[in-house]
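Shown next as structure tokens: one chain only, the form predicted alone.
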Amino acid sequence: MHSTLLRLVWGLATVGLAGWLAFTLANPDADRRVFQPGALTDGHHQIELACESCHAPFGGVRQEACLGCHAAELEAALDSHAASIFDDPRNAADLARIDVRACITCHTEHRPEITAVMGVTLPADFCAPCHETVADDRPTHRGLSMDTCASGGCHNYHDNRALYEDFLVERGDGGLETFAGALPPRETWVSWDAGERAPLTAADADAPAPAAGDRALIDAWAGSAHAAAGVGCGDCHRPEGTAWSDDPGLSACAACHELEPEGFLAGRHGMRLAAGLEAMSPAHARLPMRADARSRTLGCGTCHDAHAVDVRPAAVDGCLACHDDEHSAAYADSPHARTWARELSGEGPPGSGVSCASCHLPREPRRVAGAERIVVEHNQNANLRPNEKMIRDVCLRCHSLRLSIDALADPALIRRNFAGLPARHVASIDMALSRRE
């Protein structure tokens, strides 16, 4: 009798637990962290509850899921180790030792104890299968161990645009120079063609009460680029005759500015929305954030005042309103901040100031609607991992290649927001030049 009761209780508990687990797994709003074998990396922890973003049921991590987010980035980087290279049958023996065509070979999740910076887990001899004889051709590499290949300022597996030998030789002659430079003027591109519209004034505001009675709000809009382009309150808050919304959100902005939301959704600020989760907030971040910003939710209006439409506050104030890590906190006393202050005061020419956005939301050329334009990349991670990505598009506008490489390889200098000179020297340029002598 006792054993029968025990079996009944055990069976009911098992069925109940299985039902709860099945419900939790199937419910996208449930907390699924119970299924996680370990913490996720800094790059993915925001979407830890959207398991299906990466995993196929009982099928592991899908390669297509990785490429769905990162394929465009790899293409833009002219991926120096593209999977197509390794489809050559002559590489079959190397692939048998380490299949570098699969992202999860290097980018291991749920294993924090063996995960290095940037969410990468590399075998110490990762480069050896293909490059074990490199010292025979390059005397500069004799005595170097294979686990130093990816050291700061040396080699990046995917994006080597600022570190490959020809580029080092072309731009590496010189010292630690800094010179006056400027970013190219950004160009606003609007995807929605509303035809010719007359500029609007405060008298044309079509907002209902109580917004219509907020004179500061109406006056800010009346002096904005939106009003000058004939975009009224209802175009954003009541699109296509829908009910009025006080917070129209990302979709209203994307109706005209589709490039910026694309980048936003691809980066850390918007990746939760892209995965079908609630918007990112500083409370979700692992970097130190301001305590008074924890409850904010991130969208276009978090950094941009949609009524004043002045992008300059977003370039610094929008970032420092949330970020409180050492690098961010040191910006105010940095050489970069002084150039930004000079530009804002009119002492420096347009584009000469270096804001947070100058480096982390860079202006880049892109072909849009059949024309070459300068647009702002709103994926703040696009040129940050690894940080040498920003050398070509950002650093070299004001600094020598040698200074740029050394500075980005100095963690202490990065924490000080580049106040001072690098404390170490990366020998990659010297190595490249010595081969050409």
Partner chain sequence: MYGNVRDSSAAVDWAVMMMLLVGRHRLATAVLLVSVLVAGCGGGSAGGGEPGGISPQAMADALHTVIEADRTVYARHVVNRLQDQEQVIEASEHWQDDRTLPLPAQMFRMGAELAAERTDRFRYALLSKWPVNAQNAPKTEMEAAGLVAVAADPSQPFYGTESLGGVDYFTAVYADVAVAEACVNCHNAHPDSARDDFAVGDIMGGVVIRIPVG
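Note that this is a predicted model, so its numbers are computed, not measured. Residue numbers count along the first chain shown, from 1.
What follows is about the form predicted in complex with the partner chain, which we do not show.
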query: Candidate stretches 311 to 319, 236 to 244, 163 to 171, 106 to 114, one within 4.5 Å of the partner chain in the predicted complex by heavy atom; finding: 163 to 171
query: Residues 92, 131 and 435 all lining the partner chain in the predicted complex, heavy atom within 4.5 Å; finding: yes
query: Among the candidates 385, 45, 55, 392, the residue which, in the predicted complex, approaches the partner chain to within 4.5 Å (heavy atoms); finding: 392
query: In the predicted complex, the one of 278, 292, 99, 87 near the partner chain [non-hydrogen atom within 4.5 angstroms]; finding: 87
query: Residue 138: touches the partner chain in the predicted complex, heavy atom cutoff 4.5 angstroms; finding: yes
query: Partner proximity in the predicted complex: residue 78 to the partner chain, non-hydrogen atom cutoff 4.5 Å; finding: yes
